[in-house]
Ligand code: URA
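In the form predicted alone, a lone chain appears below as structure tokens.
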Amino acid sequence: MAYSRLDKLVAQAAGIPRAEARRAILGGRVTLDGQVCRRPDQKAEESAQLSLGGRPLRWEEHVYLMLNKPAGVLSASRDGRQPTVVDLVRGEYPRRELFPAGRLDKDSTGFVLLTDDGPLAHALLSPRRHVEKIYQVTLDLPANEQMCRGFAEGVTLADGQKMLPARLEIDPEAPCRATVVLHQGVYHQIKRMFGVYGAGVVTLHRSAIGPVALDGALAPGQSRQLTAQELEQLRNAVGEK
């Protein structure tokens, strides 16, 4: 079982500066497993029951957020001039160093996973893990079977870069709409792939990462924590136990 200093656990669980956590502990406002503890340096199990001012706290080693990214927001942790996906949740998680596990273009929308779990993010993005990312696209001209075959074989971009095989499914009711399934994340990949065939992408929306679909109840800009089942599904998708 992992142990940490009490002030560190309280700061992380409550999302407050460590100095503020120390003052709360010294002031008798923190309980550890039901008992008031006034020692900031007290070692405590990371699974210990904590409360601050009577409010239960839950310490989490990592945060995993499903965000419905709106258009016009950068997929980045920080930017000096434009809003980022992390800015949308920074007020709720001020002490976490969150980042997007995979990017969407500024004008694209949909599922962005925000986390501070570097190894899981890296595994989800690794082409070797073959984790699917599913996108809904609208084109400025109808998709066709030539595009489907090309995507399946692996499109060679205009700069000569060969993409991994992907899946393109055309909406039979509206051929300017399609679903794209990728296993990699090259810069502007979908737009560049369609560009080989002279088609432009009008809208792009990521609807799923691996087996986890974007929650339809999340409005653009809203987020929620992944459920335990969703997190387990992502870990299984990358081969983690």
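Worth saying up front: this structure is predicted, and the values here are computed from it rather than measured. Residue indices: 1-based, along the sequence shown.
The form predicted in complex with the ligand exists for this protein as well; it is not shown, and the discussion that follows is about that form.
- Per the 4.5 Å heavy atom criterion, the ligand in the model of the complex is contacted by stretch 188-196, the sole one of 29-37, 43-51, 188-196, 209-217.
- When contacts are defined as a non-hydrogen atom within 4.5 Å, none of Met66, Phe111 and Glu230 contacts the ligand in the model of the complex.
- Mapping the unseen interface onto this chain, Leu57 falls outside it, with no heavy atom inside 4.5 Å of the ligand in the model of the complex.
- For Tyr135, a non-hydrogen atom is located within 4.5 Å of the ligand in the model of the complex, even though that partner is not displayed.
- The ligand in the model of the complex is not approached by Asp117, whose heavy atoms all lie more than 4.5 angstroms from it.
- In the model of the complex, at least one heavy atom of Leu104 sits within 4.5 Å of the ligand.
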